[in-house]
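For reference, the chain that follows is the form predicted on its own, supplied as C-alpha coordinates.
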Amino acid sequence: MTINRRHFISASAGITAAMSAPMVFGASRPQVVIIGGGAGGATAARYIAKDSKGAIDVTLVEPTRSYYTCFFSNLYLGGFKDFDSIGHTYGKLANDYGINVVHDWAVDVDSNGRTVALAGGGSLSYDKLILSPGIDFVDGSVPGWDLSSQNKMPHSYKAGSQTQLLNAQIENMKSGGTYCMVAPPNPYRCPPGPYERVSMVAHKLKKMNSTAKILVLDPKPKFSKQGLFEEGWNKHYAGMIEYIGPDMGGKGVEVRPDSMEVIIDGTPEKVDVCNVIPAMKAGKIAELAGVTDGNWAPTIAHTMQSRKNSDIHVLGDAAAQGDMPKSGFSANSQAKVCAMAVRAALTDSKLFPAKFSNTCWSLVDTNNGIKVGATYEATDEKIAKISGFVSKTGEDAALRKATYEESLGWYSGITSDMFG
(Lines give C-alpha, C1' and ligand atoms only; values in the text may rest on other atoms or scores of the structure.)
Protein backbone atom coordinates (compact mmCIF):
# COMPACT_ATOMS: atom_id res chain seq x y z
CA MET A 1 0.00 0.00 0.00
CA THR A 2 1.28 3.45 -0.85
CA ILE A 3 1.65 5.50 2.32
CA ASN A 4 0.20 8.97 2.00
CA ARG A 5 -0.96 11.48 4.58
CA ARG A 6 -4.48 10.06 4.83
CA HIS A 7 -3.40 6.44 5.16
CA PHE A 8 -0.68 7.30 7.67
CA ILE A 9 -2.93 9.23 10.01
CA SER A 10 -5.90 6.84 9.75
CA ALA A 11 -3.66 3.86 10.44
CA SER A 12 -2.11 5.71 13.36
CA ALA A 13 -5.43 6.63 14.89
CA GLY A 14 -6.25 3.00 15.62
CA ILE A 15 -3.51 2.75 18.25
CA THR A 16 -4.54 5.22 20.93
CA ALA A 17 -5.47 5.32 24.71
CA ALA A 18 -2.85 5.23 27.97
CA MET A 19 -1.20 4.38 31.73
CA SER A 20 0.02 6.32 35.02
CA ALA A 21 -0.15 7.10 38.82
CA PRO A 22 -1.74 9.26 41.54
CA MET A 23 -2.08 12.99 41.20
CA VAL A 24 0.58 15.30 42.66
CA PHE A 25 0.23 18.27 44.95
CA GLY A 26 -3.56 18.13 44.94
CA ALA A 27 -3.89 18.83 41.23
CA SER A 28 -7.46 18.48 39.97
CA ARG A 29 -6.40 16.52 36.92
CA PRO A 30 -3.48 14.13 36.41
CA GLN A 31 -0.34 15.77 35.07
CA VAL A 32 1.78 14.42 32.22
CA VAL A 33 5.08 16.12 31.42
CA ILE A 34 6.84 15.29 28.16
CA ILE A 35 10.45 16.27 27.55
CA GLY A 36 11.44 16.58 23.90
CA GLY A 37 9.23 17.83 21.07
CA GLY A 38 10.33 15.58 18.20
CA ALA A 39 8.70 12.57 16.55
CA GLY A 40 8.24 10.82 19.90
CA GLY A 41 7.42 13.66 22.26
CA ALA A 42 5.19 15.76 20.02
CA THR A 43 3.21 12.69 18.93
CA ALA A 44 2.73 11.49 22.51
CA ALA A 45 1.62 14.96 23.61
CA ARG A 46 -0.91 15.27 20.82
CA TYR A 47 -2.40 11.79 21.26
CA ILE A 48 -2.72 12.04 25.04
CA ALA A 49 -4.32 15.48 24.83
CA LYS A 50 -6.55 14.58 21.90
CA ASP A 51 -7.84 11.28 23.22
CA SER A 52 -8.18 12.21 26.89
CA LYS A 53 -10.51 15.06 25.88
CA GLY A 54 -9.30 17.36 28.63
CA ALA A 55 -9.09 14.72 31.37
CA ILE A 56 -5.28 14.98 31.50
CA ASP A 57 -3.11 18.10 31.65
CA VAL A 58 -0.26 17.75 29.15
CA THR A 59 2.91 19.85 29.27
CA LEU A 60 5.49 19.58 26.50
CA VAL A 61 8.99 20.87 27.29
CA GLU A 62 11.03 21.73 24.19
CA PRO A 63 13.71 24.44 24.05
CA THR A 64 13.37 25.28 20.35
CA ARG A 65 10.42 27.19 18.96
CA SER A 66 10.95 25.72 15.50
CA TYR A 67 11.71 22.01 15.25
CA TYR A 68 13.70 20.83 12.23
CA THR A 69 13.30 17.17 11.39
CA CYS A 70 16.40 15.02 11.15
CA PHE A 71 14.51 12.89 8.65
CA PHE A 72 14.57 14.69 5.28
CA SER A 73 17.43 16.95 6.41
CA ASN A 74 19.69 15.03 4.01
CA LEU A 75 17.34 16.04 1.18
CA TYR A 76 18.00 19.66 2.11
CA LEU A 77 21.75 18.96 1.76
CA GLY A 78 21.08 17.39 -1.63
CA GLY A 79 19.06 20.36 -2.87
CA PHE A 80 15.72 18.53 -2.96
CA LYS A 81 14.18 20.46 -0.05
CA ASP A 82 14.54 24.02 1.18
CA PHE A 83 15.39 24.50 4.82
CA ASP A 84 12.06 26.02 5.85
CA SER A 85 10.20 22.96 4.55
CA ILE A 86 11.71 20.74 7.26
CA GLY A 87 10.89 23.22 10.05
CA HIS A 88 7.73 22.96 12.18
CA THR A 89 6.26 24.94 15.07
CA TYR A 90 4.10 24.07 18.09
CA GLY A 91 1.23 26.52 17.68
CA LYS A 92 -1.40 23.92 16.75
CA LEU A 93 -0.47 21.68 19.68
CA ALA A 94 -1.05 24.61 22.01
CA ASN A 95 -4.07 26.19 20.29
CA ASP A 96 -5.96 23.14 19.00
CA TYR A 97 -5.18 20.57 21.69
CA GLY A 98 -4.66 22.67 24.82
CA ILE A 99 -1.12 21.44 25.39
CA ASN A 100 1.03 23.64 27.60
CA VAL A 101 4.14 24.10 25.44
CA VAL A 102 7.11 25.29 27.51
CA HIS A 103 10.13 26.49 25.53
CA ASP A 104 12.87 25.82 28.05
CA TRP A 105 15.54 23.24 28.87
CA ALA A 106 14.72 20.46 31.32
CA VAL A 107 17.85 20.27 33.47
CA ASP A 108 16.99 17.73 36.18
CA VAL A 109 14.42 15.20 37.30
CA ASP A 110 13.52 14.48 40.92
CA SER A 111 11.98 11.05 40.51
CA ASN A 112 11.08 10.78 44.22
CA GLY A 113 9.28 14.10 44.29
CA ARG A 114 8.13 13.65 40.67
CA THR A 115 9.22 17.07 39.50
CA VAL A 116 11.19 18.40 36.52
CA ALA A 117 13.52 21.36 37.00
CA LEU A 118 13.79 23.91 34.18
CA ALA A 119 16.79 26.01 33.21
CA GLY A 120 14.70 29.16 33.61
CA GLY A 121 14.17 28.38 37.28
CA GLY A 122 10.70 26.87 37.14
CA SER A 123 9.57 23.40 38.18
CA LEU A 124 6.91 21.07 36.79
CA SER A 125 5.11 18.35 38.76
CA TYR A 126 4.07 15.13 37.07
CA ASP A 127 2.15 11.92 37.60
CA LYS A 128 3.75 10.45 34.49
CA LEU A 129 6.91 11.66 32.81
CA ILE A 130 7.68 10.87 29.16
CA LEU A 131 11.26 11.32 27.98
CA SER A 132 11.92 11.68 24.28
CA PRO A 133 15.17 13.66 24.31
CA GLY A 134 16.82 12.15 21.24
CA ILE A 135 20.57 11.66 21.29
CA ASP A 136 23.72 13.11 22.74
CA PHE A 137 27.28 12.14 21.79
CA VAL A 138 29.78 9.93 23.58
CA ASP A 139 32.80 11.97 24.65
CA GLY A 140 36.07 10.81 23.12
CA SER A 141 34.50 8.39 20.66
CA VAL A 142 36.36 10.13 17.81
CA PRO A 143 39.82 11.15 19.10
CA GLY A 144 40.44 14.85 18.49
CA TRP A 145 36.73 15.76 18.30
CA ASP A 146 34.37 17.08 20.95
CA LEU A 147 31.46 19.49 20.94
CA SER A 148 33.81 22.47 20.89
CA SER A 149 34.86 21.26 17.41
CA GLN A 150 31.36 21.11 15.93
CA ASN A 151 31.61 24.44 14.14
CA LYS A 152 34.77 23.35 12.32
CA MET A 153 33.80 19.72 11.86
CA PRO A 154 29.99 19.61 12.15
CA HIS A 155 28.11 16.47 13.09
CA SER A 156 24.83 17.71 11.60
CA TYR A 157 23.09 14.81 13.31
CA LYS A 158 20.78 17.13 15.21
CA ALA A 159 18.92 19.05 12.52
CA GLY A 160 18.91 22.85 12.54
CA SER A 161 21.88 25.21 12.52
CA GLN A 162 24.32 22.29 12.22
CA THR A 163 22.57 21.20 9.02
CA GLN A 164 22.83 24.71 7.59
CA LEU A 165 26.51 24.92 8.58
CA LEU A 166 27.38 21.65 6.84
CA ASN A 167 25.46 22.72 3.75
CA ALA A 168 27.38 26.02 3.61
CA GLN A 169 30.71 24.23 4.01
CA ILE A 170 29.88 21.84 1.16
CA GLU A 171 28.74 24.64 -1.14
CA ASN A 172 31.94 26.60 -0.41
CA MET A 173 34.36 23.73 -0.99
CA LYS A 174 37.18 24.52 -3.37
CA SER A 175 37.05 22.99 -6.84
CA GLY A 176 38.22 19.40 -6.63
CA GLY A 177 38.15 19.43 -2.82
CA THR A 178 37.35 16.55 -0.48
CA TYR A 179 34.30 16.03 1.72
CA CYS A 180 35.02 13.47 4.44
CA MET A 181 32.48 11.71 6.62
CA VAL A 182 33.48 9.88 9.79
CA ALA A 183 30.56 7.46 10.18
CA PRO A 184 29.27 6.37 13.61
CA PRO A 185 29.47 2.97 15.29
CA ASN A 186 26.33 0.99 16.14
CA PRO A 187 23.81 1.70 17.59
CA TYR A 188 22.93 5.16 16.32
CA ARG A 189 20.11 7.35 15.10
CA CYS A 190 18.77 6.43 11.62
CA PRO A 191 20.92 3.52 10.37
CA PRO A 192 20.71 4.48 6.65
CA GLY A 193 21.14 8.21 7.43
CA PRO A 194 24.91 8.61 6.95
CA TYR A 195 24.80 6.80 3.60
CA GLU A 196 21.82 8.74 2.31
CA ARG A 197 23.85 11.82 3.29
CA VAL A 198 26.79 10.60 1.22
CA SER A 199 24.39 10.17 -1.71
CA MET A 200 22.91 13.64 -1.30
CA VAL A 201 26.31 15.32 -0.94
CA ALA A 202 27.45 13.48 -4.05
CA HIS A 203 24.34 14.65 -5.91
CA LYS A 204 25.07 18.27 -4.99
CA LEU A 205 28.78 18.07 -5.78
CA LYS A 206 28.16 16.35 -9.12
CA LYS A 207 26.23 19.46 -10.17
CA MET A 208 28.36 22.22 -8.68
CA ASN A 209 31.84 20.75 -8.10
CA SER A 210 32.13 17.70 -10.35
CA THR A 211 35.83 17.02 -9.65
CA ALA A 212 35.28 16.91 -5.87
CA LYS A 213 35.84 13.70 -3.94
CA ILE A 214 34.00 12.04 -1.06
CA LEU A 215 35.85 10.00 1.56
CA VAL A 216 33.83 7.79 3.93
CA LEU A 217 35.60 6.41 7.02
CA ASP A 218 33.46 3.74 8.65
CA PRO A 219 34.15 1.72 11.83
CA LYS A 220 31.43 -0.83 10.93
CA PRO A 221 31.95 -3.93 8.74
CA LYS A 222 28.55 -3.40 7.10
CA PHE A 223 25.73 -0.85 7.06
CA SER A 224 22.00 -0.54 6.34
CA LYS A 225 20.99 -0.95 2.66
CA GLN A 226 24.66 -1.34 1.76
CA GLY A 227 24.11 -3.16 -1.53
CA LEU A 228 21.47 -0.65 -2.59
CA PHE A 229 23.63 2.37 -1.78
CA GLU A 230 26.71 0.91 -3.44
CA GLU A 231 24.67 0.11 -6.55
CA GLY A 232 23.48 3.73 -6.65
CA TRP A 233 26.95 5.17 -6.03
CA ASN A 234 28.43 3.12 -8.86
CA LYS A 235 25.62 4.13 -11.21
CA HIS A 236 25.31 7.85 -10.42
CA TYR A 237 28.61 8.89 -8.83
CA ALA A 238 31.23 6.60 -10.31
CA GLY A 239 34.76 7.52 -9.21
CA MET A 240 33.62 10.16 -6.73
CA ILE A 241 33.15 8.14 -3.51
CA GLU A 242 35.91 6.26 -1.69
CA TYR A 243 34.63 4.03 1.11
CA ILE A 244 37.10 2.82 3.75
CA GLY A 245 35.76 0.24 6.20
CA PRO A 246 37.35 -1.01 9.45
CA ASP A 247 39.72 -3.45 7.73
CA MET A 248 41.28 -0.67 5.66
CA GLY A 249 41.59 2.01 8.34
CA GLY A 250 38.00 3.18 8.94
CA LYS A 251 38.21 2.16 12.60
CA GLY A 252 40.20 4.21 15.10
CA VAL A 253 40.24 7.35 12.95
CA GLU A 254 41.51 10.56 14.56
CA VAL A 255 40.74 14.12 13.50
CA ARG A 256 42.53 17.45 13.76
CA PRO A 257 39.92 20.21 13.48
CA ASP A 258 42.39 23.11 13.48
CA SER A 259 44.34 21.79 10.48
CA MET A 260 41.34 20.04 8.84
CA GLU A 261 43.02 16.65 8.79
CA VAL A 262 41.92 13.09 9.37
CA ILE A 263 44.40 10.50 10.59
CA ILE A 264 43.95 7.11 8.89
CA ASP A 265 46.24 4.31 10.13
CA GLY A 266 48.55 6.97 11.51
CA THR A 267 48.78 8.91 8.25
CA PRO A 268 47.35 12.48 8.11
CA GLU A 269 45.16 13.36 5.17
CA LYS A 270 44.03 16.89 4.40
CA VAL A 271 40.32 17.40 3.71
CA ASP A 272 38.18 20.43 3.00
CA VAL A 273 34.99 19.49 4.85
CA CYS A 274 34.88 16.93 7.65
CA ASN A 275 31.49 15.70 8.84
CA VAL A 276 32.17 13.84 12.11
CA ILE A 277 29.27 11.70 13.36
CA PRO A 278 30.37 10.40 16.78
CA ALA A 279 29.06 7.48 18.82
CA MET A 280 25.71 8.26 20.42
CA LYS A 281 23.81 7.79 23.64
CA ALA A 282 20.47 8.85 25.11
CA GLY A 283 19.91 12.57 25.63
CA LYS A 284 21.36 13.84 28.92
CA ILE A 285 18.04 14.24 30.72
CA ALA A 286 17.50 10.46 30.60
CA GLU A 287 20.75 9.99 32.50
CA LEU A 288 19.78 12.70 35.00
CA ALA A 289 16.45 10.95 35.52
CA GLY A 290 18.34 7.77 36.44
CA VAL A 291 16.82 5.58 33.72
CA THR A 292 19.83 4.71 31.53
CA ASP A 293 22.23 1.78 31.56
CA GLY A 294 25.05 4.26 30.97
CA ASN A 295 24.22 4.91 27.31
CA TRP A 296 20.59 4.04 26.55
CA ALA A 297 17.35 3.75 28.54
CA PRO A 298 15.97 0.19 28.84
CA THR A 299 12.20 0.08 28.37
CA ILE A 300 9.27 -2.33 28.73
CA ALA A 301 7.95 -3.03 25.25
CA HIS A 302 4.25 -3.22 26.20
CA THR A 303 4.09 0.35 27.53
CA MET A 304 7.46 2.00 26.80
CA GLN A 305 7.90 2.41 30.57
CA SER A 306 11.40 2.63 31.92
CA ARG A 307 12.65 -0.62 33.42
CA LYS A 308 14.12 1.49 36.22
CA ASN A 309 11.12 3.67 37.09
CA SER A 310 7.49 2.80 36.32
CA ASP A 311 6.40 6.46 36.39
CA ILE A 312 8.75 7.32 33.52
CA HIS A 313 8.37 6.31 29.88
CA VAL A 314 11.14 6.63 27.28
CA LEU A 315 10.63 6.93 23.52
CA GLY A 316 12.53 6.99 20.29
CA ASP A 317 16.27 7.29 19.88
CA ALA A 318 16.93 7.34 23.65
CA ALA A 319 15.24 4.00 24.32
CA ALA A 320 16.85 0.56 24.44
CA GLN A 321 13.75 -1.33 23.40
CA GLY A 322 14.84 -4.28 21.26
CA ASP A 323 14.70 -4.76 17.51
CA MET A 324 13.41 -1.41 16.25
CA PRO A 325 15.92 0.95 14.63
CA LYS A 326 16.32 4.45 16.00
CA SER A 327 14.22 6.46 13.54
CA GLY A 328 11.52 9.10 13.37
CA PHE A 329 8.96 6.51 12.26
CA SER A 330 9.92 4.26 15.20
CA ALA A 331 9.61 7.12 17.69
CA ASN A 332 6.19 8.06 16.30
CA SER A 333 5.02 4.44 16.50
CA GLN A 334 6.31 4.02 20.07
CA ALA A 335 4.69 7.31 21.09
CA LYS A 336 1.22 5.99 20.24
CA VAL A 337 1.76 2.87 22.33
CA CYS A 338 3.05 5.04 25.18
CA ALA A 339 0.14 7.50 24.88
CA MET A 340 -2.32 4.62 25.08
CA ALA A 341 -0.58 3.22 28.16
CA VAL A 342 -0.40 6.59 29.94
CA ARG A 343 -4.02 7.39 29.21
CA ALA A 344 -5.17 3.92 30.33
CA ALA A 345 -3.46 4.30 33.70
CA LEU A 346 -4.66 7.84 34.35
CA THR A 347 -8.24 7.57 33.11
CA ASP A 348 -9.08 3.86 33.30
CA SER A 349 -9.45 3.64 29.53
CA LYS A 350 -8.77 0.34 27.77
CA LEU A 351 -5.18 -0.77 27.13
CA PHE A 352 -4.85 -2.61 23.82
CA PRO A 353 -1.89 -4.86 22.88
CA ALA A 354 1.08 -2.85 21.65
CA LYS A 355 1.95 -3.01 17.95
CA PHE A 356 4.76 -1.19 16.20
CA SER A 357 5.94 -0.50 12.66
CA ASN A 358 8.79 1.30 10.94
CA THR A 359 9.92 2.25 7.45
CA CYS A 360 13.10 4.10 6.55
CA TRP A 361 13.23 5.68 3.10
CA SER A 362 16.43 6.99 1.52
CA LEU A 363 17.06 8.99 -1.62
CA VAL A 364 20.06 7.97 -3.74
CA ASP A 365 19.59 10.30 -6.70
CA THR A 366 16.73 12.12 -8.43
CA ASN A 367 13.60 9.93 -8.16
CA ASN A 368 15.73 6.99 -6.99
CA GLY A 369 14.20 6.07 -3.64
CA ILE A 370 14.90 2.93 -1.62
CA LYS A 371 13.38 1.68 1.63
CA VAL A 372 13.62 -0.85 4.45
CA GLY A 373 11.02 -1.59 7.10
CA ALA A 374 9.36 -4.06 9.42
CA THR A 375 6.47 -4.76 11.77
CA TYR A 376 7.00 -5.58 15.45
CA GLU A 377 5.22 -6.87 18.53
CA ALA A 378 5.75 -6.41 22.24
CA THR A 379 7.17 -9.31 24.23
CA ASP A 380 8.21 -9.40 27.86
CA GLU A 381 11.85 -9.16 26.76
CA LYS A 382 11.73 -6.55 24.00
CA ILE A 383 10.06 -5.08 20.94
CA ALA A 384 10.46 -8.06 18.61
CA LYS A 385 10.53 -8.03 14.82
CA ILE A 386 7.73 -10.03 13.15
CA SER A 387 8.37 -9.43 9.46
CA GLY A 388 10.40 -7.11 7.26
CA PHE A 389 11.02 -5.87 3.74
CA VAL A 390 13.72 -4.05 1.81
CA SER A 391 14.10 -2.66 -1.70
CA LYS A 392 16.00 -4.86 -4.15
CA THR A 393 18.96 -4.05 -6.35
CA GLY A 394 18.11 -3.75 -10.03
CA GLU A 395 14.62 -2.32 -9.53
CA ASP A 396 13.25 -0.33 -12.47
CA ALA A 397 13.09 3.44 -12.53
CA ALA A 398 9.29 3.58 -12.16
CA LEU A 399 9.38 1.61 -8.89
CA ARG A 400 12.22 3.71 -7.50
CA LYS A 401 10.32 6.90 -8.36
CA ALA A 402 7.18 5.52 -6.69
CA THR A 403 9.21 4.71 -3.57
CA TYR A 404 10.49 8.29 -3.42
CA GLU A 405 6.98 9.68 -3.87
CA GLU A 406 5.77 7.37 -1.11
CA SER A 407 8.34 8.93 1.21
CA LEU A 408 6.99 12.41 0.42
CA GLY A 409 3.49 11.29 1.42
CA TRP A 410 4.85 9.77 4.60
CA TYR A 411 6.67 12.99 5.52
CA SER A 412 3.47 14.99 5.12
CA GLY A 413 1.61 12.42 7.18
CA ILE A 414 4.02 12.05 10.06
CA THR A 415 4.56 15.79 10.52
CA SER A 416 0.78 16.30 10.61
CA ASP A 417 0.57 13.45 13.09
CA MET A 418 3.22 15.11 15.26
CA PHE A 419 2.17 18.75 15.12
CA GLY A 420 -1.50 18.66 14.15
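One rule holds for the numbers: they count along the sequence shown, beginning at 1. None of the values given here were measured: they were computed from a predicted structure.
One more form of this protein exists, namely the form predicted in complex with a small molecule; it is left out here, but the text below deals with it.
J.: Please tell me which of 232, 133, 78, 184 lies within 4.5 Å of the small molecule in the predicted complex, judged by heavy atoms.
T.: It is 133 that has a heavy atom within 4.5 Å of the partner.
J.: Could you check which residue among 61, 49, 354, 364 gets a heavy atom within 4.5 Å of the small molecule in the predicted complex?
T.: Partner contact (heavy atom, 4.5 Å) among the options: 61.
J.: So in the predicted complex, does residue 327 come within 4.5 Å of the small molecule, heavy atom to heavy atom?
T.: So residue 327 counts as contacting the small molecule.
J.: Within a 4.5 Å heavy atom cut-off, is residue 189 in contact with the small molecule in the predicted complex?
T.: Judged by the heavy-atom cut-off of 4.5 Å, residue 189 is in contact with the small molecule in the predicted complex.
J.: Check residue 30 for me: does it contact the small molecule in the predicted complex (non-hydrogen atoms, 4.5 angstroms)?
T.: It does not: once the small molecule is placed as it appears in the predicted complex, residue 30 has no heavy atom within 4.5 Å of it.
J.: Looking at the partner-bound form in the predicted complex, is residue 139 within 4.5 Å of the small molecule by any heavy atom?
T.: Residue 139: no contact with the small molecule in the predicted complex.
J.: Just one of 50-58, 372-380, 31-39, 390-398 has residues with a heavy atom within 4.5 Å of the small molecule in the predicted complex, so point it out.
T.: Result for this chain: 31-39.
J.: Could you tell me if all three of 285, 315 and 410 have a heavy atom no more than 4.5 Å from the small molecule in the predicted complex?
T.: Yes.
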